[in-house]
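Next comes just one chain, in structure tokens: the form predicted alone.
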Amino acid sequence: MKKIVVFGAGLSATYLISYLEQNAADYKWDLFIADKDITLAKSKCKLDATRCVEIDINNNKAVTDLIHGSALVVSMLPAFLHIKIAQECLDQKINLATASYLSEELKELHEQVKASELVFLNECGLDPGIDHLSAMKLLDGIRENGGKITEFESFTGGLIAPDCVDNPWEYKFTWNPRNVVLAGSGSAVKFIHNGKYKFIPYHRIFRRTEEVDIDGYGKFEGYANRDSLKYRETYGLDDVKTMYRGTFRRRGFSKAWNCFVQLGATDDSYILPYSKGMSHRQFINTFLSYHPTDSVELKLKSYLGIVQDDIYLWEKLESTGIFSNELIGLNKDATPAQILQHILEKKWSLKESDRDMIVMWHKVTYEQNGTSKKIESSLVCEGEDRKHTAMAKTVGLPLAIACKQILEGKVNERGCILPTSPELYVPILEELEYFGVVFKETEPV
């Protein structure tokens, strides 16, 4: 029996746990699910043979004892806790898998992990994860046929299924709402376009968007996401003229969201005094100048330069409830970003009947036999319900399939790795198709 320990039984672990349980008997896996909430852990497991463990991740002895003798540890914990698990896995010579970005701390362990003949797999969820798998399959296929890649663009969005849309933004929180509110903040976005390096400061991110049409689902807009340049070497695109990675939303989202950015309502750097007892309306008014007669609505329009007949933008802002006299409802003073998140969660949380949707799209331009060609690859995956979401599915399944590959000795690469080699992306993408996670490739004219 090969012992597997999964740390974290939250939403992102739902499909991963289910997959491991379904395969445990055939592959002789001894499965342990560890979480601080034992009730949550038990709710995710269907087999009596799966052992649920209540654990305090800060209890070093408990963690050490639990993973002892494991063939693989899977961390579905918050990203900042991965290094703690990784150090323990290195000490005990145990393989590790996560869906999170490869951190600088983990990179520093690479040579030790490699020398120990271990696999520490990272970025094998959705984004990062399926984006790597699908992009590398596309890029390697072009290169194998003699193509020279000149441009690469990629967008991913966690959205709401079309038949569940009930607000003008066509959006709800399908994952961590804090990440949505803080998207783009912290540093300038970096990418390369036509051979020129481009940098977009935070206050301009949501005014520079690209429109993409996905067959059967209509138009989406994408805004630049983080550092697009970091994957040039990973993807073998050092000489590419354009490389741009971003996030999908429905059309009109970015223009409306930019209002919150320009207002200062997404700032997370300071606590807003006396905000505990504020109403939604008072919160917005905090950022606007005093006027003896003008309403909050008029002052906001004047400050942001919103024209009177821009009804679509105004409809979006009004629908969030920001002009309501309802109390915010926090029990302590908070940052503007925390307050905005709390207000939006009242309107943008998923209802029981809601289903989410993942949309991913790549476009590659390349030269072959003196001719410029393009290929697009798109994925649309809709969730089943609030528990079995498309986000949980596309985060958990690729990681679970990768776990099987590692346990079966089919991953030869060692060290802190990403799923960018054929030995990982080929079998994972093939099995994902069985679960309905399928890419559609087209060659636009």
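Treat the numbers as computed from the prediction; the structure is a model and nothing was measured. When you see a residue number, it is the position in the sequence shown, counting from 1.
Beyond what is shown, the protein has a form predicted together with a further copy of the same chain; the following relates to that form.
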Problem - Partner-facing stretch of 342-350, 130-138, 211-219, 192-200, counted where any non-hydrogen atom is within 4.5 angstroms of a further copy of the same chain in the predicted complex - result: 192-200
Handout entry: 4.5 Å heavy atom contact, G370 to a further copy of the same chain in the predicted complex
Key = no
Practice task
Flag F287 as yes or no: does it have a non-hydrogen atom within 4.5 angstroms of any non-hydrogen atom of a further copy of the same chain in the predicted complex?
Solution key: yes
Practice task
Consider K363 of the chain shown here, and say whether it contacts a further copy of the same chain in the predicted complex, taking contact as heavy atoms within 4.5 Å.
Solution key: no
Handout entry: 4.5 angstroms heavy atom contact with a further copy of the same chain in the predicted complex for Y270
Key = yes
Exercise for the section: Assess the spot marked by R204, L263 and Y274: is a further copy of the same chain within 4.5 Å of a heavy atom from every one of these residues in the predicted complex? Expected result: yes
Handout entry: in the predicted complex, the one of A334, A161, L304, I328 near a further copy of the same chain [non-hydrogen atom within 4.5 angstroms]
Key = L304
Fill in the blank from the handout: Only hit among L313, L118, A188, V180 for heavy atom within 4.5 Å of a further copy of the same chain in the predicted complex is A188
